[in-house]
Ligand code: MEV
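Only one chain is given next, in structure tokens, and it is the form predicted alone.
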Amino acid sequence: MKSSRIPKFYKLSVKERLDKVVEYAGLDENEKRLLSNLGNLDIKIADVMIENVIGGMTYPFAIATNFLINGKDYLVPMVIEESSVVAAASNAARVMRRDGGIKSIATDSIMIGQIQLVDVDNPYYVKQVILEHKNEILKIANEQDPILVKLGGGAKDLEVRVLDTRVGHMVITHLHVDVKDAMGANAVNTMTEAVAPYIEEWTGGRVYLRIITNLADKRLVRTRVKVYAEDIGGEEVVDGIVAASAFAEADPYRAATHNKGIMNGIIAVALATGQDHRALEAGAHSYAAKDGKYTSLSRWEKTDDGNLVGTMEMPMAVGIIGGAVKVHPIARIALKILSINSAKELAEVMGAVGLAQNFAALRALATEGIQRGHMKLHARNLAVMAGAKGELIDKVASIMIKEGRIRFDRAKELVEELSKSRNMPE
């Protein structure tokens, strides 16, 4: 009987781990070869990035074109497996180039560390005690990262909240830290851990959690754009986009998919540039629900002259130093392609891509429907899955599109039929 209990698995070499998994799962030589191919990532780097590495998995690295953001042109790297996302972003950016393009402004890089205090009888009194020690807390925090402070960052402010929970009152201290060009998790977590014992000493309470929050509502990007009706098919299309936006604003079921469209663009850039995309997702969706009801992150409105304006505001905790950004060679190349100089600029680009992606999805929904463009690209994927190679891929895809039967079973039939006809003697 097979067991997943493999003592000291983490101490094995990558090859030894892979051999164990091959034996456990009954993988063949081709499957083993595919797993062991790390592509553009050195095996030694992969093995120090995360634990228990046995191989690699490659996603497509693409470029979205046409982006003009704050008056500057960008080629935007995107890593994603979903068809039509890159094409949609590029097409949206093309119609957004008028009037200087997309405007996107990020706030300062302020991240929040939370210190959870429990076992306090007088929470509001304790809150004031903590606030009275603000300067000491900031000093202790900043002693943990003198380099960050020298660069102009560090702990800048303090906020204290009282929560009434099902296990009693909690006093939550928020440490506001300017992390400059880093995402900031390591710096913030180190500071909260250093401060925690002093808060216990001053209050008589007990600290449990000391950790960053991914609801980075002090580190926002605000993005806006004007799109002219004549560039997108007229006022009827504008009205459709506005109606779709209003739907998402009012209905959380629609807002979830609306915001997923925004994140299609943002996460694709995050993956290309080595960002913590889980943190970005968590921050975005929690921010969408910050007023007690989940809603859309963007708003689309019609102007008096019949054109379309869109706005978006959301957290954008990204960095250009530390973590995978500096370890992964492709992340470094992606940043070089973007030619950015700060985390703030990266946040602005990602906000612009998110809004453009959102516009592209709403435009498709308000006109031909989301599936038409998406399924055209999906047809090629199905052709490959069915075994088509070379010129046969486009031939199978074009037949399915013409027929309106974009399905795997039809792709398989076509591959078999066309392959037979090609192999028949003249």
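Don't overthink the numbering: it's just position in the shown sequence, from 1. Every value quoted in this text rests on a predicted model; they were computed, and no experiment measured them.
The same protein also exists as the form predicted in complex with ligand MEV; that form is not shown, yet it is the one meant from here on.
- Listed stretches are 338 to 346, 295 to 303, 255 to 263, 99 to 107; the contact stretch with ligand MEV in the predicted complex is 255 to 263, by a heavy atom cutoff of 4.5 Å.
- Taking the partner from elsewhere, Ile399 is found to have every heavy atom lying beyond 4.5 Å of ligand MEV in the predicted complex.
- In the predicted complex, no heavy atom of Asp157 sits within 4.5 Å of ligand MEV.
- By the criterion of a heavy atom within 4.5 Å, Leu365 is counted among the residues contacting ligand MEV in the predicted complex.
- Taking the partner from the other structure, ligand MEV in the predicted complex has no heavy atom within 4.5 Å of any heavy atom of Asp251.
- A heavy atom within 4.5 Å of ligand MEV in the predicted complex is found for exactly one of Ala361, Ile69, Ala64, Ala383: Ala361.
- The partner is absent here, but in the predicted complex a heavy atom of Glu82, alone among Glu200, Asp119, Asp73, Glu82, sits within 4.5 Å of ligand MEV.
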